[in-house]
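The chain below stands alone, shown as structure tokens; this is the form predicted on its own.
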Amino acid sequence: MAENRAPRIAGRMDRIQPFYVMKLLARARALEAAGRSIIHMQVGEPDFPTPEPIVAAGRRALAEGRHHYTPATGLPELRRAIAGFYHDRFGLDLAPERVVVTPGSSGALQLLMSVLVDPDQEVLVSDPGYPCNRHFVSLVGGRPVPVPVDAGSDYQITARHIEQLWTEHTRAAMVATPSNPTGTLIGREAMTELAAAVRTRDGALLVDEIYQGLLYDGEAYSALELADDLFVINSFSKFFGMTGWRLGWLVAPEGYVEAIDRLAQNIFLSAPTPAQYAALAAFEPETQAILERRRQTFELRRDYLLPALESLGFRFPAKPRGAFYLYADCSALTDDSFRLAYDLLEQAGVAVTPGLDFGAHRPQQHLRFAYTSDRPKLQQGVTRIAEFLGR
């Protein structure tokens, strides 16, 4: 009988950190199982169900036997529909051949990092920022370089950061607009300057537009309007409400599509087929009307929750203008946001995300609130926090 041996885990896994909020979420579920009421303000998932026209299209696809493999780059009909979406919304003539359908935006990120980044090359990522971005860099042997950002730049990487931090080892920079966790945007002028700064250094610019449809202030645009040599990542999860369907897409310069296609064939072969057929209904007028009403609901939630939290001592030096997150400066209330998040859960029954999940730049001074619950629950959560703080 073989002896029990310690597992030999690849060294790269030392750089892949867990979501710290998962520990809090596990505790929240345990409290709920014991009968406690928990207000969830930590979940980055819309509380609305997938729109019925999308669900109906998925049912039809299954009933008609449309569940075999598709091309690795996606259903041709869906690639054309996505290109048509850019035309209808932004007036952009986009070749469908540049669109690659992926298993969620995470699949898009894995493809892009693998195709673009060699071992030991660097990728600039914002701090705070979505943690998986840096982990995908590490997964391919690259080195994520966190860029500390604050309210002075709306928590966004700028052309000035590129000028200061780009080295001979830097391969790419990644930004998000609107961003997770801050909900801030990159304006047209700033994006143009950013793309030019990266282009001058023969680098690649990756733009996460996953929350693009959830915009409340400012002009809606796509970075693809400003340059055709950058990479855009998007998803059917957030705005379109298809989280569990696991479907996203990327738009790449034409010269990169063959390599992306070749790698997709080897990694996942194709995105889920029923989900792709269902997503065709996402661009229909009936579905778009549903999604617009939901966007308006999220805006109303933001407009309630932000001033409500401000009245309790939380600060928002840069106004969130998209997505469904508030990145709150809680330094007036604590010097340990993780402890505050834990105490809010245990004592107030409110679950939020500690800043530690989003990077190393002043995480102890920040919490992320997600307004993905309905307004009565948000109001109840605010009341509980106020009572906890003695306000």
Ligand SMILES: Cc1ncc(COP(=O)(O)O)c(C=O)c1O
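This is a predicted model, so every value here is computed, not measured. A residue's number is simply how far along the shown sequence it sits, counting from 1.
Another form, the form predicted together with the named molecule, is not on view; read the next lines as being about it.
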Just give me the single entry in Pro272, Gly213, Gly104, Pro144 that has a non-hydrogen atom within 4.5 angstroms of the named molecule in the model of the complex. Gly104
Taking 4.5 Å between heavy atoms as the contact cutoff, choose which of Thr287, Ser237, Gln110, Thr170 touches the named molecule in the model of the complex. Ser237
Is it the case in the model of the complex that Asp154, Arg321 and Phe369 each bring at least one heavy atom within 4.5 Å of the named molecule? no
Taking 4.5 angstroms as the heavy atom distance cut-off, pick the stretch from 272 to 280, 293 to 301, 238 to 246, 311 to 319 that is near the named molecule in the model of the complex. 238 to 246
With heavy atoms only and a cut-off of 4.5 Å, decide whether Tyr130 touches the named molecule in the model of the complex. yes
Can Thr182 be called a contact residue for the named molecule in the model of the complex at 4.5 Å between heavy atoms? no
